[in-house]
Ligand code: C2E
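Form predicted on its own, single chain, as structure tokens, below.
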Amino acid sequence: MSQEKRRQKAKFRILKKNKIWVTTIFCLAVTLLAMVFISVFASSLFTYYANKVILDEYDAISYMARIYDINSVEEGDNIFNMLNEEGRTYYITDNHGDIIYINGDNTMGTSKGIVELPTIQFDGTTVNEKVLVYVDNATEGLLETDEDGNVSISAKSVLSWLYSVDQRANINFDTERSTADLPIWISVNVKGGTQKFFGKAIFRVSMTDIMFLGAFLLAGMLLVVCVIFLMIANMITTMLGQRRITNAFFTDPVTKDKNWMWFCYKGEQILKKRKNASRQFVILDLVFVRYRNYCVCHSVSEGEDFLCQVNKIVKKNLKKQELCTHYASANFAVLLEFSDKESLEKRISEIISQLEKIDSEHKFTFHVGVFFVERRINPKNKKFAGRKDINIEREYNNACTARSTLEGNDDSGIAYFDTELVEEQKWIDMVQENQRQAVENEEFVIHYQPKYDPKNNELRGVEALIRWDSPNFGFKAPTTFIPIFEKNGFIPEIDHYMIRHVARAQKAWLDAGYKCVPASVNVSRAHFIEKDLAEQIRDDVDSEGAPHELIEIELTESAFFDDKKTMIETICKLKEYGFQVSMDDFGAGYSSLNSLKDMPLDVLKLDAGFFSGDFDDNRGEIVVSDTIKLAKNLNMVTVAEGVEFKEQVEFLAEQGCDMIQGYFYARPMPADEYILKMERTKAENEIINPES
């Protein structure tokens, strides 16, 4: 996976993470902790208060029990009179539960339990006391008892009990002090455990305490509500902020609609869905042809407005689970579902037709590349499986590859991606992977095509042509790799390779005693952006020791439409160093007479297109004839390329063409065959029978 792809997936993972959930969980956790804290604190506060009251009452009743316990039974009424002065209701039972003595009414209820009081002082000793308590008939239900028999008096139990209408009438309310007396019974063992002393205790609940506790709880709850409110506000703010960031991340600056990142994100979701596994999808690369020309003639802003209209029209034609977005420049990525190729092509043609009619004052054309997204089949059950390995960038690139085959065609068109394009792309990749090694191993070989004087058939020159003799791919013509080098920027390396090898060969042939003629070497258009090109060529030739006059530098006609000033300076330097300079393929494009006027060229090569097909056309003869005359008037040598027939040779000889290069005389040949040509030059000058 490429670095860019990994970065994109990382961005998608960040967007997929919903940070609102983090804030929500944090909010709930803080709220829960706050409520637990407040509840525990309030409960602890009330429990402390309740235990303190019970402890005070227990001290009073246990004091009475100890008085009874330390006095003998013989004292009789004196003891009970003393206890009665405490003003409490109490009674004493034996170990069978029979009442020995009672003061007041026995209103003890049936509910009971054990209360573990805080640490207390008893006879100067610190002890932890467990007290058996009973409720009163009036306070039945006040205590909460667990499975182990332990009871507690909580704020919850007191409040719920106080608001019980049935029980409230039996409770003593002190309206002046705003208190309620809740009776409970406390049991103390006496006489060595053979008797029990039961005293009626009063658990006094102050309305002020209840109100304070309620106010505390209310304040705590309000605090929690405020915290929740603030967190909810933060959640909303975070959510809106994230939505704004997401929208900005997924918004195209031109159309103000969804962008390419969204197309990749959403498109992969759609294609990976299991329910879409059996459905057929295509990815389109839709391009507005000559968009730059439209912007030049109008303005960039009008061009962007036009792209917005294109986006709207395409989206109007989309169905559910279909996407369209602006990719870059004038390119749009489209995801369509289809049932068969015929209906798909009809639908695409309809979209193109609508786009062509956006403005009646202009003729718009669109190119569409189509890539069919593959459906995977499970080999086990022969059913369609999900497209888990889908890569939108790869699929869209395939659509772009298909669309690129329409380049150069000004009419609207549709091109489909096929295996030939895959093989072509693989070949491009293989060439680029092996180009450097091929130069280092000198796998590129030079072939030579002679140029002859049509008047006497004398060898006057030769053109050096490159071939690739690869041990891995076999023998390859220049058309299979030179265009790739021109696109990837490797062509200057090939130029230097050619110049050095041709100069090396010329030097070797001179040393061997052959009569050498100038060899022309084509220098790419891209190479002329370097201002020191003339010096580079000079150094290459000098490094091989060849005379400069035996090297001719060919420039294609299209190169003259680049940096004209740099071009003229380079040509002048080359001529100053003793090299001949020629214009190759004159007439192949839009020839400019200004090029001939401004460029100090030595040789003019007429393009082979002048001589292809039927040469009996008088118009063609007139153009060729006048071009030769023009070149001679400018002191330029003329060379005709692609000549194959005797009649053409005779016509060119009559018009004064200096040299002819073509199959009529010879095809491009390896160096060893060209050496034989040089050896036979004298004999061939004496007699040439082209028809043999």
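Just count from 1 along the sequence shown to find any residue number. Predicted, not measured: the structure shown is a model, and the values here were computed from it.
One more form of this protein should be noted, the form predicted together with the ligand, which is absent from this view; the next part is about it.
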Proximity to the ligand in the model of the complex (heavy atom, within 4.5 Å), stretch among 624 to 632, 47 to 55, 662 to 670, 27 to 35: 662 to 670
With the ligand left out of view, choose which of I79, V224, L465, I92 has a non-hydrogen atom within 4.5 angstroms of it in the model of the complex. L465
Which listed residue (M498, A330, V581, L323) meets the criterion of a heavy atom within 4.5 Å of the ligand in the model of the complex? M498
P478, heavy atom within 4.5 angstroms of the ligand in the model of the complex: yes
Since only the chain is shown here, I'm wondering whether D59 would be in contact with the ligand in the model of the complex (any heavy atom pair within 4.5 Å). no
Indicate whether E644 is a 4.5 Å heavy atom neighbour of the ligand in the model of the complex. yes
With a 4.5 Å heavy atom cut-off, would you call N522 a contact of the ligand in the model of the complex? yes
Tell me whether I491, E554 and D585, taken together, all sit within 4.5 Å of the ligand in the model of the complex, counting heavy atoms only. yes
